[in-house]
Structures are given as C-alpha cells and as structure tokens.
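Single chain ahead, by itself, as structure tokens, in the form predicted alone.
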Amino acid sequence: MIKKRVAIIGSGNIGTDLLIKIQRSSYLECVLFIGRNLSSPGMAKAISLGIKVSDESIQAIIKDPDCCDIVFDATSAKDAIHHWEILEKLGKIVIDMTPAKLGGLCIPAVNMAESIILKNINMITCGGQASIPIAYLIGKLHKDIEYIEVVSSIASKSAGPATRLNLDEYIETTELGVKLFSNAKNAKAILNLNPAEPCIDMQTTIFAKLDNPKIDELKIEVDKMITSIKKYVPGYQLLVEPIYENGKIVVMIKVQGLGDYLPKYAGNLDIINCAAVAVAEQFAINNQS
C-alpha cells in the first residue's frame, strides 16, 4: 500500500488532533503541517513528532504544489473559501473540516461512495456528524417529517477560536445537512458550549416531529448505524434509544474521544476527524497507482 501524502492547513485543536490520527494511518502520511504561528501549541506538537511545518498558510502549498495529494482544511469557513479558489486550480483533493458548504456534504456511514469521487468533500460539523446519521434513518422510514431539531453540547475547552468564529456557519451547515439527508421540511441546530468542570462529554439529541412513528423499525436501523459508525468513531454511543413522546421521536447520542490531543471529553474532535480520516483512507485505497 502506497500512502497518500496529505497536508493539513490549520494548527488549532481540529488540525492538531487530525495530525495525530493520521500518524497512525496505514494509508496516509502527513508531509506538511501548516499554520500561521510557529510557536503555537499545535505547531509545537507537530515539530515534536518530526513533521515538516510551515507558518506561511496557503502560500506553503502554492510554493510547492506537488508536495501532497490531499489537503485537509482545518481553518475557518471564510479562509476555506479563499483556499479552495487556489487549491481547485492546483487540482488538489480537499477535505474541508470547516462549515463552508463548498463541496459535497459527507457522512461516511451514509454516502461514502458518492463522496470520494468529489474534489471537495465537506465534513459538515461535529454536530452534523453525530446527528445526521440518525436523522437520515428517521427520514428513510418516515415521510412528511415536519421538523427535526438537533442539540449538541460540548465542553467549552474543546472549542477553539475557529470553532467559536464559525458558530453562524456551524448552525447553517448543520441545518442544511439535516434537511438534505432526512428530507425534513424544516430543521434547527443548536450548539451549547458547556463550561462545566469537570468537562462534559459531547452529547447530541435529535428530535423529529412526525406522526405514526415506526419506533421498532427505527431501533433496529439505529443499532445497525451505531455499529457502522463505531468502525471509524469508536467512542460513538447510543445514550437514549428511540422513543416517541409529545409527538416527537427522541434519540440521544454520546461521543467520547480517543484522547489523542485533548482529553477524552473532546468527542467533538473525534467525530469529525475520524470521519475525515475514514474518507481519506477510502480515497487512498480506491486510488492506488
């Protein structure tokens, strides 16, 4: 197996956790870790791992466009738009970790095959990766879903500056993904940054307003989906199995991280980063040459 060379733009929590996960991959090799400040904690971690680093942002790839096969963009939605204008011309495969909505929205357990043929793959959001597989199943079994709401709570310490800067985009992209995959008429996404000590694990609750729920069938499908997602996100867990109350289906998910960069409470890093690595690895497997 020839490893695909990847570059990561963004040295914050997401980018640094992603780097550590890629280091374990049998299919990927990080050849360049890019940020803007060589003294940042993420840069220090990359240097300690012996990874080549740059503080020149997108210019580092412009100067050496042949350095990598895949680019993970872990910056901000605004920066990702600018980066894609450049990376598209350079013919790069981009896995977008930001809620920029530029490429195809990807949930590996649902549409992996359709996603890995795209040039720009958007990993939506951490809340989207946690909730949309369940919303997809609800939509698969039910028609005329009036409304789906997803509420995610994450530890405040796990949300870096880019995540906080992107809160509006987070809401928009998560809602777009929920509607797209479930065919619900309306969707609402909420993200709570919980400052509690000790830090809480990531939890996401999905509410779906509909009539005539197929709870028994949904339970079977949810169990299958959990098993599928756990293959690439080991800490993905069903906290409350599907129930129907007050005219709504309710399902609750918990995600614990692997503790690669931040402690295990940071399941929001794992749910999106593990999904992104799964996509990149499948691309590598399908494109051996």
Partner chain sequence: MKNILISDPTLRDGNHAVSHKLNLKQIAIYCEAANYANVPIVEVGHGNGLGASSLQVGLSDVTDRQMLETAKKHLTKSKLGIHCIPGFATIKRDLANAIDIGVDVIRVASHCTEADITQRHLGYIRERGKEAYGVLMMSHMAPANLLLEEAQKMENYGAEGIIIMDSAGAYLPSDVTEKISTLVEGLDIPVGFHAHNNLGLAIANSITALESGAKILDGTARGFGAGAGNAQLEVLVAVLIKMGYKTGIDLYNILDASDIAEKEIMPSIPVIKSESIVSGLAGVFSGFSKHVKRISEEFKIDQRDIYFELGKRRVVAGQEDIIIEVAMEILKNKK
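The structure displayed is predicted, hence computed values, not measured ones. Positions refer to the first chain, counted from 1.
Omitted here: the form predicted together with the partner chain. The next part is about that form.
*Asks:* Just one stretch in 81 to 89, 178 to 186, 203 to 211, 133 to 141 has heavy atoms within 4.5 Å of the partner chain in the predicted bound form, so which one is it?
*Replies:* Result of the contact check: 203 to 211.
*Asks:* So the partner chain isn't shown here. In the predicted bound form, which residue out of I215, L118, I190, M112 has a non-hydrogen atom within 4.5 Å of it?
*Replies:* The residue from I215, L118, I190, M112 that makes the contact is I190.
*Asks:* Looking at I220, A44, L239, I51, which is the one with a non-hydrogen atom within 4.5 Å of the partner chain in the predicted bound form?
*Replies:* Here the answer is residue option L239.
*Asks:* Indicate whether the partner chain has at least one heavy atom within 4.5 Å of a heavy atom of K230 in the predicted bound form.
*Replies:* Looking in the predicted bound form, residue contacts with the partner chain do not include K230, since no heavy atom lies within 4.5 Å.
*Asks:* Should N246 be counted as a contact of the partner chain in the predicted bound form, where contact means heavy atoms within 4.5 Å?
*Replies:* Looking in the predicted bound form, residue contacts with the partner chain include N246, since a heavy atom lies within 4.5 Å.
*Asks:* Answer yes if any heavy atom of E172 is within 4.5 Å of a heavy atom of the partner chain in the predicted bound form; otherwise answer no.
*Replies:* Yes, E172 is a contact residue.
*Asks:* Applying a 4.5 Å heavy atom distance criterion, does I62 contact the partner chain in the predicted bound form?
*Replies:* So I62 does not count as contacting the partner chain.
*Asks:* Going through 144 to 158, which residues have a heavy atom within 4.5 Å of the partner chain in the predicted bound form? Please give them in sequence order.
*Replies:* Heavy-atom contacts within 4.5 Å come from Y147, E149, V151, S153, S156.
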